[in-house]
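Consider the single chain below, provided in C-alpha cells and representing the form predicted alone.
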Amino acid sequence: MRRATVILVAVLMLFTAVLSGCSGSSGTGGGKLKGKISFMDVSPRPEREQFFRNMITEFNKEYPDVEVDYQTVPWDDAATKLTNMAAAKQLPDVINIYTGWIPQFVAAEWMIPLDTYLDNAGIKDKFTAFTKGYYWAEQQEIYGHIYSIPDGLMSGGIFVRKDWMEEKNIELSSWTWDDYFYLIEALTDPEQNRYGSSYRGARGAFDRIREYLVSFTEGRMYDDEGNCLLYSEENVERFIKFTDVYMKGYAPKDAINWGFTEMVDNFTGGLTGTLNNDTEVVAICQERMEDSQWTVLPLPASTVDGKTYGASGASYGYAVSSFSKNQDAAWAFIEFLSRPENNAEYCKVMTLIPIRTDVENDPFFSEEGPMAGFLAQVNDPNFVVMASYGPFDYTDLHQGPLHAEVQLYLQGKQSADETLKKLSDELASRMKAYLKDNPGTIPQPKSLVSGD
C-alpha cells in the first residue's frame, strides 16, 4: 500500500509538471507554447499592417513555436464577416473587437473571459485609470467579466483649418456648440470652393447628432425606466439645427454619402474647414498637411452646463475566441501586444493614447506632443463620457437605421420629428427588453477623471 501511494504521488507530480510546462498564460517561457493561431485585423491600412507584421516577427523570437496567421478584412465588411465566421464556429483565435460588437459576442458566448489570464500575468495595476476604471469596470458591471484588452484610447475632437481662421480673422472667445455652428458658417466660402464642415452623412451619421443632443441631457441616453431621452419637442429642433449644417450648404452635397475616408480626404485636401473625428486622424494630418494649416480643438461644451460630453473609449480591443483550440497562445499574443514598449509604438503609429501607465513619460504623449489636445480633454474634470447606446446588441442599428433614417430626412423623404422618434423608439424598445432580464443596467455617463 505504501509503495502504491508513493507511485501515485510521483505520477501526480509528473502530471502537474507536464501541465505547468504546457501553460504560457503568464506571458513568460515562450518555448512552452506551440501551434498555430490566427489574428484578424478589422481596420487594415499600410502602416497598421506593417506594425502587426513586425510585432509577429518579434513575438516569434520569444515564441518560436507559435505560428501567427495575420488576416485582414475592410472595416465596412468586418462586422458581417466576423458574425458569419462565428456562426460557422470559425472565428480567428484572436479577435480584433470593436466596442459596439461586445454585447453581441458576449451574449453569443463567442469570447472567453480574460480575468484569470490577467490575474496570473500580474499586470492589472500597470494599466491606466481609463482601462481599469472605465473600460474594464463597464464590462464587469454589465457582463461580470473582462472580455477584452483595449489597444489604445481614442477621444473625439474638432480638427480645424487654422490657416482659414487666420485668413478670416476668426477668433473664438469661447467654445460651445453655438460657437461650433458659428465657425462652420464663417469658414464656408462658395467662391473659393470651401465648406465649413466635413459632414458625416453615411455610416456614423447619427453618432455625431447624438453627441450634440446628449449635451442637453447631461450625457444620458435613457431615464430609469429605459425611455430614450433623445426624443422631445426641443430635441427635434436641435436635430434640425445640427442637420442644417448639411441642409443649408455648409457641407458639399455629396457629403450625404461620406464616411470616415471621404471626411478625412476632403478635410486634408482643402475642401472642408472642420472635421469632427478622433485621435487616429492626427497621423493622417501630419502626413498630408503642414503644421501651420491645422489644429485640434476639444469637443464643444454644452450650452446648458458648460461640460463637454463626448465619446471616448478604446479604438479596438483584443479578445480570445471561445472557438480557439490554442487559447493560451492567443492570450500570449495579446499580452505581448499590450506590453508597454509595444503599446507605445502602436499608439504612435495609430495616434492613440496608451493604455499602460509605464509609457506616460514618452515625449510623443507629452503636453508638447501632437496628442496634447486630446490628452488635455480626457484629463479635464469637465469632460464626461456620454452614456453608450446600450448594453444590448446594436450592431445592426449601427450598420443601417442609425444613418439610413437620417439620410431619409436629409433627402426630404420624412420629417425631422418622424426620424428622431423612430430612432428613439427603437432604442427604447431594445433597452426595455434588455432591462427585463438585466435590471439595473441603464448605461450612465462617466467622468474619466473622478470615476463618477
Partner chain sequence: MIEKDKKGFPIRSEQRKNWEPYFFLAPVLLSMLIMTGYPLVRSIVMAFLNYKLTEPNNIYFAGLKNFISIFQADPHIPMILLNTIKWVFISVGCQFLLGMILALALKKPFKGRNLYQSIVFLPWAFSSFAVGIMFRWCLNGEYGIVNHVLMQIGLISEKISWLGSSDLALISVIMAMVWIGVPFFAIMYLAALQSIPSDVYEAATIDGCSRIKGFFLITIPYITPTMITTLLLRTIWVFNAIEMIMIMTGGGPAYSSETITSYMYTKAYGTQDFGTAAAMGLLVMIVLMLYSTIFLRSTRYEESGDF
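Just so it is clear, the structure is predicted and the values come from calculations on it, not from any experiment. Residue numbers count along the first chain shown, from 1. Note that the rigid core is defined as the largest set of C-alphas that superpose within 1.5 Å between two forms.
As for the form predicted in complex with its partner chain, it is not shown, yet the points below apply to it.
- Query: Is there a heavy atom of residue 62 lying 4.5 Å or less from a heavy atom of its partner chain in the model of the complex?
  - Reply: Taking the distances in the model of the complex, the answer for residue 62 is no, it never comes within 4.5 Å of its partner chain.
- Message: With a cut-off of 4.5 Å between heavy atoms, is residue 404 one of the residues that contacts its partner chain in the model of the complex?
- Response: Close contact exists here: in the model of the complex, residue 404 approaches its partner chain to within 4.5 Å, heavy atoms only.
- Message: Can you tell me whether residue 174 touches its partner chain? I mean in the model of the complex, with a 4.5 angstroms heavy atom cut-off.
- Response: The answer is no: residue 174 has no heavy atom within 4.5 Å of its partner chain.
- Message: in the model of the complex, does residue 56 come within 4.5 Å of its partner chain, counting heavy atoms only?
- Response: Judged by the heavy-atom cut-off of 4.5 Å, residue 56 is well away from its partner chain in the model of the complex.
- Item | Contact check for 222, 382 and 388 against its partner chain in the model of the complex, heavy atom at 4.5 Å | No, because 222, 382 and 388 lack any heavy atom that approaches its partner chain to within 4.5 Å in the model of the complex.
- Just one of 81-89, 235-243, 177-185, 326-334 has residues with a heavy atom within 4.5 Å of its partner chain in the model of the complex, so point it out. Checking each option against the 4.5 Å cut-off leaves 81-89.
- Message: Under a 4.5 angstroms heavy atom criterion, identify the one residue in 291, 109, 141, 119 near its partner chain in the model of the complex.
- Response: It is 109.
- Message: By the heavy atom within 4.5 Å rule, which residue out of 286, 366, 303, 193 makes contact with its partner chain in the model of the complex?
- Response: Partner contact (heavy atom, 4.5 Å) among the options: 193.
- At a 4.5 angstroms cut-off on non-hydrogen atoms, which residues of 317-354 are near its partner chain in the model of the complex? List them in order. Contacts from 317-354: none.
- Message: Aligning on the core only, does the CA of residue 101 end up 2 angstroms or more away between the shown form and the other one?
- Response: Yes, residue 101 moves 2 Å or more.
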